[in-house]
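In the structure tokens that follow, a single protein chain appears in two forms: structure 1, then structure 2.
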Structure 1
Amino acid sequence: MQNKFKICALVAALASATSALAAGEASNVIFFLGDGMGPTTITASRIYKYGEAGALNMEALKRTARIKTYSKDAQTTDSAPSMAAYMTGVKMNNEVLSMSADTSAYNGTTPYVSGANSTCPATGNGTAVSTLLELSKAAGKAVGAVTTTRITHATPAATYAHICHRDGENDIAAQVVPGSGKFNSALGSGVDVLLGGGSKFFIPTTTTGGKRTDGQDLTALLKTAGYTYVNTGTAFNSINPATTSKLVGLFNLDHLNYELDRVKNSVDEPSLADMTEKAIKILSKNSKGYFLMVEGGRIDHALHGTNAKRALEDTIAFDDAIKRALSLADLKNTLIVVTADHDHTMTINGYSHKGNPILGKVTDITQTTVQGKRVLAKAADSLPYTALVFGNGGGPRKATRDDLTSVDTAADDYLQEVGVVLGSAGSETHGGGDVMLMSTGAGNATFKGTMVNTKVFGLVKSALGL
């Protein structure tokens, strides 16, 4: 009995020591979220940019874990509860953002939203739960959110807003703006850096493209609250982070352009890497540290459209932002986490020879080797097929397959073939498989094994000593 007590005490002491070792190691956290960036997208992006034997920057992170992403009510999650699980540690229903588990996004079959306005009841439908960003702010740290989507979209919104249905983006915008009347008081003096798109939810309908039906101009309120506000890449570039402490940049009425189009058309929007750098430089001036969320948000949108090329280009842009952060952050006091909120249905087909373009058609490796030239593999209908395909997808699908022999499947607008045809454009679904989580820097030792997504919240919170 005495021995058993000694063993128990020893185990408890060890557990305590481990906890003490992890807790509070990190002053800063940079949480990278590749929306929809499942394992296949990571592999395909690696091959696309660096070849089969190459490596993405995110692969340089020291630890890798596997994350289970199901939501409270769905086998396959949407982006709202999955990001909210990371940010709050609570499993919630699809469409719900950073609310308690009992929150419903629907009144029966009717969503709690009218246009972009929330119709969530004020009481009786769940309560707000604290986010990592709010906890960091309460601890005196600087906080920020950077994205390529609308800043009011599900992933960034999960860091700073609480709402029963993600589509109430007018209300989500109001929650992040001091003086709006709906400001989220848990944000204290406000989110220090907000960069992305979605200005339409910040300006009234009386302004071109505006969606606010309450007549408010939230950009004006932001300026009143002491923010520097910019809406072009050019103006963003002129911002001096050394003299700026509160910055909002909304560079598009809607989402920012896909990276492919941003570069090809020289759109006056900043890159995700540049936004990440400026955010880090502003937030890191806080002596108590910072919490920054960076989202590669349009990976998901290109995948919904079964447009693999734009998805891979956006993944590379996301990876370049990670590279930039790694070059700026002091890993002795900064934890960097890279993960995804869910998978998609894209997969890599066939037995192409090494070196075959990942956006290309599958090759017959035997004939390619024997003949010394690229020989396409054929499906049962005697037609070639691409290496990347999707389990399902919408858009203008044909009842018969095209002969792809002379089709450039690496063209910007090429849409990959799908297994199950869905009628709705852009309706390829999320995948329900696990995603990867990579981490490095202060407090990363506990980010290992197979975890449910809610556990990540506790690990980040512990690493920050919150």
Structure 2
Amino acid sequence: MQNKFKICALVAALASATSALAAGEASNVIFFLGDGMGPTTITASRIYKYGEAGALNMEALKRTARIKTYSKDAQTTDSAPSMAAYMTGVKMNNEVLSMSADTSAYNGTTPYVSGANSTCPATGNGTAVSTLLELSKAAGKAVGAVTTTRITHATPAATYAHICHRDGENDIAAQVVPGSGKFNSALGSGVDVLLGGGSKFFIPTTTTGGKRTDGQDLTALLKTAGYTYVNTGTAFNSINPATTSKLVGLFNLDHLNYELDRVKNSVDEPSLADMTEKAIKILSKNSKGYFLMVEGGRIDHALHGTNAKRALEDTIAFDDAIKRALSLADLKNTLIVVTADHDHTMTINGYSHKGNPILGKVTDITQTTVQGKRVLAKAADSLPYTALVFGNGGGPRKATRDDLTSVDTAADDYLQEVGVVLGSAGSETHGGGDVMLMSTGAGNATFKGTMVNTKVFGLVKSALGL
């Protein structure tokens, strides 16, 4: 019995030592968030790019963990409270961004938003809670957010804004801009680097495409506040990080293009990897370190549309950004975390032969080839089906399935079949399953096991010594 107590004491001491080692070990954090990048999306992207036995760059990171993503009021979360949980350590209701747990996004059944303007009550509906970006800024670190969505969209907004309903994007934009009248004072001198889309919420309705109803041109205010502002990939490429300290790039009125379309159509927008590199080079000039959030945001949008190919292409682009960061960061003082905010309903279907295209139709592994071609597996209706399918999704209900025998299911615009049809106006929903977290670098020792998403906040905060 005495030996048992000694062993328990030793284990406790080792655990304490590990925790102490992690605390304050990192000067910098790069937090990668693949929006909607559940385990199936990771697996399918690996097969798509590298084959079954290959590996994504994120899969080579040192530690892995499993993350529970439910929100305060929902079994299946939306992006606002799930990202905010990582950034604040607080469980909040769906649609709420970086506010206290008692905050509601609805006045009864009516959302607190009108168009892109917030109608959140000034008092009596929760309070702002500090984010990792704000805490890092208060500690003197440089901070930034990079995304392929609008920078006012739920995930990037959760790093720097506080609002009771995520759709109030005019108000979210104003919170990040000094001189706007709604600037978030917790940001100190402001977010140092912001790169993505969504310029329509920064310019007035009197300007083509503008959505601001207050008449303000926030891009002009950014320049007045000392930011370098760019709106094309060409202009972005000319930015010298050595001589630039504050940068905002808004490369589209709305979200950036999907990676497949950006490359195929030579769109004048920077890649996620290039934005990540430039952000790191600008932020790393701060001797006290930095906090950078990088989002592969359009993975989620392609999955909502049941367009697996674009989802996989954007996941690969996200993985390339991770590779770029690993080539630039010193892991002795930099913690890199890669995770997702929630899952989706996509799954890998059937028993295809190894090496069968993940975007292709399922082959029947029990049969030999016919005239050199593998035999397609058939469903009960005697029709073939694809390897990737969705549990639900939009579109009209059909009496019978389409015959996919001669259909190119790897085409850019092919939409996967769905189990539960949500109607023509419907969109595939998020999934409620756990997601993966991968980490490496300074302070990564504690990122392991199964944990709720709010715990990740504490681990990152501890690693930074905040």
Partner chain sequence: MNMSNNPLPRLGGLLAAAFCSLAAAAPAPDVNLLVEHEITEKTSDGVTRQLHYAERVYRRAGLVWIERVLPPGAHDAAEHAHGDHEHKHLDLAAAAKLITLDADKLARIKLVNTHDKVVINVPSAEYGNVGFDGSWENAVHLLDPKQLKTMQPIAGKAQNYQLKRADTTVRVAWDAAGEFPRQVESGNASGTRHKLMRVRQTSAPATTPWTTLQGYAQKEYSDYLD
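Throughout, residue numbering runs from 1 along the sequence of structure 1. In this text, the rigid core denotes the largest set of C-alpha atoms whose superposition between the two forms falls within 1.5 Å. Keep in mind it's a predicted model, so treat the numbers as computed, not measured.
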Check your understanding: The same chain appears twice here, once per structure, so which copy is the form predicted together with the partner chain?
Key -> 1
Check your understanding: Comparing between structure 1 and structure 2 on the rigid core, is the C-alpha shift at residue 426 2 Å or larger?
Key -> yes
